[in-house]
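To begin, one chain is listed below as structure tokens, in the form predicted alone.
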């Protein structure tokens, strides 16, 4: 392992428990544990999984100019982004979007948390804290705003899966009050100026935290932030308390297969050095009702509206679990064998399968009797011309060629948006 590679504070726990480790985003992270990727993936669909996400970075933005700076730099319209009524962001709510360059290319995707009227926390990907902080600093101009890169100053873990709230019910000091009314993309708790967490939300042993009902799997769950000195103790407490609910630790491989099945992008792979447009994530843009323009000005907007040579990103599903390697690289072919683009991601979602030409999940309430998902390859392609759901394409690397179909969605019956009352029943 190169000396420059960082370790999270849970590194010793991972290696002691037999995790297969590799470099990711400059950190030595678990890819999978002895249970294997398939079991980890299925556990999140049926029970729960816990992920060490301390490698992710955060930025604190505070001051009278914080909102205006984010409105300029972040694609999501924070003045109209909450719920069906598109209300303004407010304390206790968070929003997903991206930071763009002037040419419309992605710097990173992020979730913005409003902690108070003039205080925000922006969560970005591993190794991106410094880069996004500098981007905001350069664009801040005369605005009165204080930026603090919190890289390696927060502990973070995610609990994902239908049993997540029940597990938290065993480890939170006041679970009924804390979990009551928590909607999707809301949070409780706080982070102070020196990353000391407030007392609104605590574990049973007194550890203060920020609890966010978000995640990167498409399934019901939470992201948990705390001071780094508490993370090992909190991780072990949650692991112990979650065993009766089938909780197991999960690595990056399961994260990738879960997020892809949920049609969620991996920054710098599915979104990156091309304009952030013509893709499955229009909710990250402030589109007007007609979809012809934007409801606010932001960095990169003109570039997105004036694309001269567009590309298009689409999700696909294969016909069995075989996949191609994007490291090969893998290309996209039309039925006549002509190259029309490249494969961005190709994984296997082991929780889904086909029956009578329809895709079911192991968690689908109407799945056929005795349904056992065999797994299907899925992912994203970037092509030079428009495709449509139902179109057949072929994916080829140096070893194999597989048939796939362009789709609007992949894994059905995901639980991320279900009410907390339903998930705790």
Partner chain sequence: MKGIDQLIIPDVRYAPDHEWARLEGDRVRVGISDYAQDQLGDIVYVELPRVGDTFERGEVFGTVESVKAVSELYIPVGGEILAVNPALEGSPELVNTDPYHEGWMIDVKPGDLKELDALMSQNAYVRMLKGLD
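This structure is a prediction, so every number in the text was calculated from the model and none was measured. Numbering follows the first chain given and starts at 1.
Here the subject shifts to the form predicted together with the partner chain, a form of this protein not shown in this document.
K.L.:
Just checking whether residue 359 would be counted as a contact of the partner chain in the predicted complex - the rule being heavy atoms within 4.5 angstroms.
P.N.:
Outside the cut-off, so no.
K.L.:
Looking at the partner-bound form in the predicted complex, is residue 19 within 4.5 Å of the partner chain by any heavy atom?
P.N.:
Contact check for residue 19: yes, within 4.5 Å of the partner chain in the predicted complex.
K.L.:
Do residue 399 and the partner chain share at least one heavy atom pair within 4.5 Å in the predicted complex?
P.N.:
Yes, residue 399 sits close enough to the partner chain in the predicted complex that at least one of its heavy atoms falls within 4.5 Å.
K.L.:
Hey, in the predicted complex, does residue 63 get a heavy atom within 4.5 angstroms of the partner chain?
P.N.:
Because no heavy atom of residue 63 falls inside 4.5 Å of the partner chain in the predicted complex, the answer is no.
K.L.:
Name the stretch: of 49-57, 34-42, 364-372, 378-386, exactly one has residues whose heavy atoms fall within 4.5 Å of the partner chain in the predicted complex.
P.N.:
Careful reading of the contacts points to 34-42.
K.L.:
Just one of 268, 230, 153, 322 has a heavy atom within 4.5 Å of the partner chain in the predicted complex. Which one?
P.N.:
Exactly one residue meets the criterion: 322.
K.L.:
Quick one: of 115, 179, 350, 224, which gets a non-hydrogen atom within 4.5 angstroms of the partner chain in the predicted complex?
P.N.:
Of the listed residues, the single hit is 350.
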